[in-house]
Each structure stands twice: as C-alpha cells, then as structure tokens.
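Take a look at this single chain in structure tokens; it is the form predicted alone.
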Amino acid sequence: MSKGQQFEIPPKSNEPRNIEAVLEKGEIKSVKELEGYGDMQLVGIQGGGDALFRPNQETASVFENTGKEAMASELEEMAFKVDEALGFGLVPPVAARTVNGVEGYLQQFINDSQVAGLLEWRVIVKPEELAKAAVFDYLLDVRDRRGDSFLINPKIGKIWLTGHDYWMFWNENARSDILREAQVRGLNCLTPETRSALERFLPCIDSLTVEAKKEVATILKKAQERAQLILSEGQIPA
C-alpha cells in the first residue's frame, strides 16, 4: 500500500468540497483488483485520486449467522465519525458506496503508508500517535487490532486505523496490539490533547446514534461510558 496517487480534493467550485463527498458521489473512472487482499479493490475517482473498496459481503455471512444487522460499511463509517468527533485524524475518510453493483464502502487511499505488520511499527510510531490510538481502541472496545488492520507512515511515525469489520469488535479471543503496547510503554495516561478530545466527543454521542443499527448504538453507548471512566480516572484502565 506504499504506492499510489495522493488523494486530492478537486479544485473546481462545482465539485464536492470534502473527501467524504468525493467518496460518496465522485465519478468512478477505474476499478482494479488487488491481488492478495481478498475482495478489496483499488478505485480511481474522477478528479479525486484513489480509494480502497471493501464489499459488505466479505463478512455478511458472519453477521447473518450471529443475528447482527450492521454491515462492515456501517461499522467503518462509525469508526470514522468517532475519530472525527475526537479530532484525532486516525481513521481515513470513508463513505458507503456501491461499486459495480456490489455494496460496500470506499475509504481514502493513504499515500506513503504501509501495513504495520510489515514494519517495526513499535519503534517507528510517535508516542503521541500511539496514545491517541490507544484511547480510540479502548473507547470502542476494539479487539482484533493487529498488524494488518492499521497503517504506519514510516517517515513521520503516523498511525492510520482501518479494517473495522465484524472481527474487530466481536473477537472475544483477541486484544488490541496498540492498546497493549501503549500500556507497556506507560502511555495510557491522559494528555491535555486526549482529555480535550474526550470532552469534545461526549456531547456528540446522541447525534452519532441517530438511526444507527443496534450493534452500532451498543458500541457507541459503551464508548460513552468508557470516555466518562477515562476522564474520571485520568488514564485507560489496565
């Protein structure tokens, strides 16, 4: 994922004015299969660069078998909106989209970043990025955060969190590698930045749960409780 065109916003005034709008409404000019990445595709958007497309059907059968209603696209959109409310800038912009008749979501292609599992990410990532990502994963009770579900920009030590699908939230046998690493390094205490982020996040909960599927609403309710707990204790509980 280290190669590709930087996602740019079209400069014309009659074009969508933000990345989410480009992802949702921009004209698709190309669709390419990505070998070794399951059903993931690289989608070129007219005047907007590249985005990654993940179909809902990848985990649809798992959702159906467990009686859950939310789809992968809805979980990824939730993760982006939570990150946006926090102001962390960790989750690439995303929008639900149908590509070639298949429902799923488009997510901004991140240039100059690589799958964390291919790097010595614990050495590369900046402490402040790790601290923010740990707060995010704790809030949403993220479980299956491993090296293949986040990216690192090795030049600047930045984290990008991706792949918020069924297993990310309901894998009972997993625990976030980011959260574990932050606690090992003593980065689980709130900083002024993360405290302010949580204070901004709490008033947004009600708007985020409007018309949300029951699984999404449950995750957000837990995030509200966990945000209040972190603020009261001043740190992510061990």
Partner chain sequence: MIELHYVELFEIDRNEQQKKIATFRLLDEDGSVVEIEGDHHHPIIEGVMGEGIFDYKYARPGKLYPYDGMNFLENLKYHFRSGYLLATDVEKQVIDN
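Positions refer to the first chain, counted from 1. Only a predicted model underlies this, so the values are computations on that prediction, with no experimental measurement involved.
There is another form of this protein, the form predicted together with its partner chain, and it is not shown here; the text below is about that form.
Looking at its partner chain in the predicted complex, residues Y37, L42 and L52 each place a heavy atom within 4.5 Å of it.
Among the residues I110, A95, L140, A85, the one placing a heavy atom within 4.5 Å of its partner chain in the predicted complex is I110.
For the candidate set L151, A133, M71, V91, a heavy atom within 4.5 Å of its partner chain in the predicted complex is found for exactly one residue, namely L151.
Contact between A174 and its partner chain in the predicted complex is found at the 4.5 Å heavy atom cutoff.
Though the partner is left out of this view, E129 does not reach within 4.5 Å of its partner chain in the predicted complex, counting heavy atoms only. Heavy atoms of I159 never reach within 4.5 Å of its partner chain in the predicted complex, leaving it off the interface. A residue is said to contact a partner when one of its heavy atoms sits within 4.5 Å of a partner heavy atom; I124 fails this definition for its partner chain in the predicted complex, lying far away. None of 181 to 189, 194 to 202, 208 to 216, 27 to 35 except one has non-hydrogen atoms within 4.5 angstroms of its partner chain in the predicted complex; the exception is 27 to 35. Using a 4.5 Å cut-off on any heavy atom, the residues of 111 to 128 that reach its partner chain in the predicted complex are, in sequence order, N111, Q114, V115, G117, L118. Distance between the C-alpha atoms of K158 and Y37: longer by at least 3 Å in the predicted complex than in the displayed form.
In the predicted complex, the separation between the C-alpha atoms of G38 and E64 shrinks by 3 Å or more relative to the displayed form.
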